[in-house]
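Below, in structure tokens: the form predicted alone, a single chain.
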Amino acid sequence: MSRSGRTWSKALSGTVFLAVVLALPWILRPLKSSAYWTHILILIAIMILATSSMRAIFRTGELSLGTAGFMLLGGYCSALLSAKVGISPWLAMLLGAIFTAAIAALVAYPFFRVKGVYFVICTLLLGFIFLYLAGYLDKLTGGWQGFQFYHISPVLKIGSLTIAFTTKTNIEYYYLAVVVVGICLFILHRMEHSRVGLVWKSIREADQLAQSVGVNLMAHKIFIFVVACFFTGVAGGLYAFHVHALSPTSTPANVFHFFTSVYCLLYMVIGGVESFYGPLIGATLFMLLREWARPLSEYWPLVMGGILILVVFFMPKGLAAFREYIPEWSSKLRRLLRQRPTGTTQP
């Protein structure tokens, strides 16, 4: 296919995908559980942004398991500014993301002084520090019991359309999440496919070689870490104004707990680390699969682990590169079918 043909194909695919995303709430509306599935779709959008932010850091060769902790910072900061200070949710969400980025900037330099598993441990422990601070600062955050903030007035009206922060699940908030996440992903996509994105890839592939040609490793790593944490804070703010009740309790159902960071890692790996669309595919498919397989919820870690092993062994590039493996599998299948049975003698 020619270059122009590929461009038209991508444009058509993108248009169809966008049309489906925008039509999903209306497709699900006839269902009795449409509100619940709208809630799930909003959570999927939030987790796609969190996973994409984790992948942005991984582009420089470092893996962060502090995603849940930075989501907690963005969520709590946004909620407290809106519920206790009276700031508009729009501004509170932005300030929460900026606060998250500021904390990331403070810890980035000492964290990037170490590499590999030590960096992973540092980000993991930082997430737990944020979690326990939210639990013990009960006068500010409500402690382990958390706090609720349902009485927030709508702040945006466009004709008959009202973006409401007062209800837990509504179609308007779904579109808000899609627009906010879409803008964040667009920025990440443009950064990845720019010159600076190539520099980040060179750092991951051969950091010493990149440094020898003048690349400032520390500056680039700190920059993408701060940017990624900003978008993670946005994800936390979207979650906070969606559920209207925050708690740092240590349960797998809590999005601010360590399990969220692990799930983001699994979504990234299963979807495809090398592809920008890997987090979209991984988070969407496996969050939907988890809902459909809810009767098997106690076996979900086993199912997730089994799928991960299969993907790592048979599709190392993830589900995003599924088409690349079809010719290989077809070739192996044809060779297997053509192979003669062994142990037989010719007459």
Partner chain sequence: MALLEVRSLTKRFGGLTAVSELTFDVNEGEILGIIGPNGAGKSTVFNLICGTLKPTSGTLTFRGENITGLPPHKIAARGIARVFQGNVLFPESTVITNVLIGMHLHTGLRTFGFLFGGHHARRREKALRERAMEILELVGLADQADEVASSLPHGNQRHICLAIALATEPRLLLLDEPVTGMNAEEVAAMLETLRKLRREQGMTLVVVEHNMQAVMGLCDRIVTISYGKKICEGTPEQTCSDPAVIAAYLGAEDDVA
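Every value quoted in this text rests on a predicted model; they were computed, and no experiment measured them. Positions refer to the first chain, counted from 1.
There is another form of this protein, the form predicted together with its partner chain, and it is not shown here; the text below is about that form.
Q. Is the gap between residue 85 and its partner chain in the model of the complex 4.5 Å or less for some heavy atom pair?
A. No - in the model of the complex, heavy atoms of residue 85 and its partner chain never come within 4.5 Å of each other.
Q) Using heavy atoms and a 4.5 Å limit, would one call residue 194 a contact residue for its partner chain in the model of the complex? A) Within the cut-off, so yes.
**Q.** Interface membership of residue 223, its partner chain in the model of the complex, 4.5 Å heavy atom rule
**A.** It does: once its partner chain is placed as it appears in the model of the complex, residue 223 has a heavy atom within 4.5 Å of it.
Q | 4.5 angstroms heavy atom contact with its partner chain in the model of the complex for residue 187 | A | Output for residue 187 is yes: heavy atoms within 4.5 Å of its partner chain.
Q: Determine which one of 98-106, 196-204, 74-82, 140-148 lies within 4.5 Å of its partner chain in the model of the complex, judging by heavy atom distances; exactly one does.
A: Among the candidates, contact is made by 196-204.
Q.
Within 4.5 Å, heavy atoms only, which of 124, 210, 180, 268 is in contact with its partner chain in the model of the complex?
A. Selected option: 210.
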